[in-house]
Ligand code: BES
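One chain is shown next in structure tokens, namely the form predicted on its own.
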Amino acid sequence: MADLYQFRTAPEEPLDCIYILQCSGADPLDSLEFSAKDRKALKAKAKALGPRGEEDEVISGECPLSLARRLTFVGLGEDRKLTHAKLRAALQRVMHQATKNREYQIGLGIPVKVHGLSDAESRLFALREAASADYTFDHFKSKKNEFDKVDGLHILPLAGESEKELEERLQRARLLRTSVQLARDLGNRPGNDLTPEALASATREMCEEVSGLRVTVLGMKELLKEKMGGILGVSQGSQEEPRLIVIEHRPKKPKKSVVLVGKGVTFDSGGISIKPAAGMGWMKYDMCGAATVVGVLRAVAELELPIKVVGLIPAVENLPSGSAIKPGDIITISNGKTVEVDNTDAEGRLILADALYHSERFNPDIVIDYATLTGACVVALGQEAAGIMGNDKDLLETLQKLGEKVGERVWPLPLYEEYLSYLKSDWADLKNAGSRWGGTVTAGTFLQQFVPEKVSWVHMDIAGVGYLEKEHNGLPKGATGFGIDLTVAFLEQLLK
């Protein structure tokens, strides 16, 4: 991915192009830091080119300054209607255009503000998204187009933005980009490459790269000892053994204790209740919740947050075989509750149940779990927001407000007591699936039965936003890394 730089003085070699984002009716050059002479020349060129800032408008010409060879204005539409999605899509369009034009060193001016955000919040969002806008996953391509990618992204400072201030913002953008890229790379790896043990190995590698993290991996022996019937049951149809990956960030005198749980089904065929063949390949993304947890823990360590944060990742494959769990089977979760397996494709909640119960030994104040859990959530919310449920109204409201600020929307759904009746079993304490109605909330209701008492808990269903079948709202096809920016912002808010 392209390196991020400040752009305050003329480079040794002219940049290939300077891209300037513009809302309609606004003069972007007034909000960028240029000398009076350079601004005059740029304004004359802009007048000749005539950009109006209309949405999807792209107008280019020769740059009148020695700073760059070309100058391009990218329109965003009305400033009062500028959303996270529109700005993100424009930044992605810039990187696509630069790649198409074989522009390797580009300048980028972003003198715009997302509607509803403060100047600082908008600037941070823009830089975070600019840092990730050129993401690609070509690990398995024998021929990589390395010479057709942008190498350097030179950020033009805003008027009045000090060198220190911009560098601090760029450093945060670089840090979050690393975590988001890690999560996306993990999600995009195919099931034959990212097995439960491979996910554990990748987590170990990450923990070795940054200080302040410790990882422990529970294998078959430990899982049997802990009587984790959910993890063991789901995985028994596969030759790949399950794992419970534990990542710990334990600073001295932590102010809070938070456990993050991520669903890590590295491939989900549905088991005996097998999925349709069409689209089954997308089920390599059923571990995007786990990828989010890994990414968050990396960011937490690099930011050195004074909060105890523990990541728990139950990692399994869900495959059909002669040894696979069957509909009608009854398993016992590690807290002693029995579950009738009504549908083997409702496997995520079974492995999360064990992990949620296991979280109790870390004495958490807050537990958040992330899972590509239900297609019903995609039906309800599409690809615009994750569904959230929980037992703490204030926590749900906090996450919703932060999601609006950082550009990762979440929407609260109810967990009425009556939903528990949907999971009633004649033969066990619970069924793992209810009727076709309320699929997202009955899944959340199931999970709630395994949350430690007196702990604030949120379940985040990222089925519609954790991965995408095509580019959408400026996000890439494949894994998105959803939840990392939101969770880091939440953890930082806990310190205020």
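We number the residues from 1 along the sequence you see. Being a predicted model, the structure only gives us computed values, none of them experimental.
Keep in mind the form predicted together with this ligand is missing from the figure; the text below concerns it.
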Hey, in the predicted complex, does Pro190 get a heavy atom within 4.5 angstroms of this ligand?
no
Considering non-hydrogen atoms and a 4.5 Å limit, does this ligand approach Asp268 in the predicted complex?
yes
Ala355, heavy atom within 4.5 angstroms of this ligand in the predicted complex:
no
Close approach of Asn343 to this ligand in the predicted complex, 4.5 Å, heavy atom
yes
So which of 366-374, 385-393, 156-164, 96-104 is the stretch with heavy atoms within 4.5 Å of this ligand in the predicted complex?
366-374
Triple contact flag Arg88, Phe137 and Lys149 to this ligand in the predicted complex, non-hydrogen atom at 4.5 angstroms
no
In the predicted complex, the residue from Leu447, Val458, Val441, Ala433 that sits within 4.5 Å of this ligand by heavy atoms
Ala433
Heavy atom within 4.5 Å of this ligand in the predicted complex - the one residue of Met283, Ala200, Ile307, Leu415 that qualifies:
Met283
